[in-house]
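In the block that follows, a single chain appears as structure tokens, in the form predicted on its own.
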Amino acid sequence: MAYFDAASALPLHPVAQQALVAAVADGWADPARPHREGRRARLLLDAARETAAEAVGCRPDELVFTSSGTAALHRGVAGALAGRARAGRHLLVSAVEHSAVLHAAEAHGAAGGTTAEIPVDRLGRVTPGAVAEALGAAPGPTALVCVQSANHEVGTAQPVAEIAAECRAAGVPLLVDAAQSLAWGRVGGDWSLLAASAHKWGGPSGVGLLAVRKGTRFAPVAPVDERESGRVPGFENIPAVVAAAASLRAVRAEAAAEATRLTALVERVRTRVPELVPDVEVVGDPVRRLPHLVTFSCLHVDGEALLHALDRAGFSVSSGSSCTSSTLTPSHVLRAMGVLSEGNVRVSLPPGTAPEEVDRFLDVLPGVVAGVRAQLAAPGAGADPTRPPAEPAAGETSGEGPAGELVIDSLGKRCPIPVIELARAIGRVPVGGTITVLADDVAARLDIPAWCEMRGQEYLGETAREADGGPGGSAYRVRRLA
């Protein structure tokens, strides 16, 4: 089985395993106590803090350990906002932040603060100009800006140094979520706070780190004690912390060489997938990106079925597609980028991935995608080749609109069915004519415009429908150009 989901979690690094076992024997005592066992535990904790601080690029007394990367983000956001409560109550987050940051923003809004999202371009980039514009448009003084160093779904690396300069000029601290990038190197720029998670680099799960640089106003909002500089209460998990720091140092020692190797493998996937599989959109920045991650979306494909089929073929991958979650909503990252969400696959290669495994993935993928499309009788992938394109497909419901345009009723149907029904029906209107798709799956808001761009048709926009006691949804209008 090829594990291609390194962006979610990595198995415990061998160095982490060794450090964990050793620290269990020597790091069980309370590091706050002056006796021999306590001093031994304190030495282990201090050494781990120095190792992690060296990797981050901060002072040891600026770094604390938390119970997870999510906890680090929550405490970082809350503490920075509380520390700057007199300066302002406005929070800016990029539209593609991890859900942990978005949840923290929601909590801030529920507590009476104001929040706004910084938009990204189609590659998922947060430009310094967009940050400056958001700062200028704030309803009041901004207390904090949150921008990740690299995106967890599409791999786009953000210009953190330039963004930090904009924030510094405005007198606003910048919090960076470095969970995906810290294993590959330090985050540059004059950031104020940084958070990361150990299981992303092969450390134990349940360990995060939070760095707060000197001069940054910070006020813990939860009950505190004397541990971790008063920022994280509770007894430290010293064996896990030691293993996390040891594994971070180990992966950093090989990061440059491994990044070069994995970049070439990812580039092979980025190039070959569109050549091997029709109707695929590779998303994310092709140049400024993580070395190990690539994401693509397949038109006319059910994402959950695709992931299960790849699993049966021997590949563990993940997705940001709406079709792979119980929420039935598109990934907020793909939505912010305005790219195709259906049939989305995220491939993130762990260190040590063999080129032969990538080649096997490329060999298997076309047949897997074709098989999933055939199950849905998608156009060109299993539909009846003897049926003229002007004839409606079996089970397809449609009617004539008030102006004579064709109406496709896809209410109650989930991705990618509304797009498939649009593709089947487009040949039944003349060139220059229009077709309306009624859909209540929010993924249609992304996937119908994306289909139009991929097929050379004109997307005319969306109109919300009155519910009238029945399903509401929206009407999506398309003009046939080809």
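Please read these numbers as outputs of a predicted model, since none were measured by experiment. Heads up: residue numbers just count along the shown sequence, starting at 1.
Keep in mind that the form predicted together with a further copy of the same chain is missing from the display, and what follows is about it.
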{"property": "Contact residue in the predicted complex, chosen from M337, L135, L307, V294 - any heavy atom within 4.5 Å of a further copy of the same chain", "result": "L307"}
{"property": "a further copy of the same chain: the contacting residue among D302, E236, E166, E97 in the predicted complex [heavy atom, 4.5 Å]", "result": "E236"}
{"property": "In the predicted complex, segment of 414-422, 436-444, 55-63, 24-32 with a heavy atom within 4.5 Å of a further copy of the same chain", "result": "24-32"}
{"property": "Heavy atom of V283 within 4.5 Å of a further copy of the same chain in the predicted complex", "result": "no"}
{"property": "Proximity of A104 to a further copy of the same chain in the predicted complex, heavy atoms at 4.5 Å", "result": "yes"}
{"property": "Partner contact for D311 in the predicted complex: a further copy of the same chain, 4.5 angstroms, heavy atom", "result": "yes"}
{"property": "Partner proximity in the predicted complex: G206 to a further copy of the same chain, non-hydrogen atom cutoff 4.5 Å", "result": "yes"}
{"property": "Residues within 4.5 Å of a further copy of the same chain in the predicted complex, restricted to 194-224 and counted by heavy atom", "result": "H199, S205, G206, A222, P223, V224"}
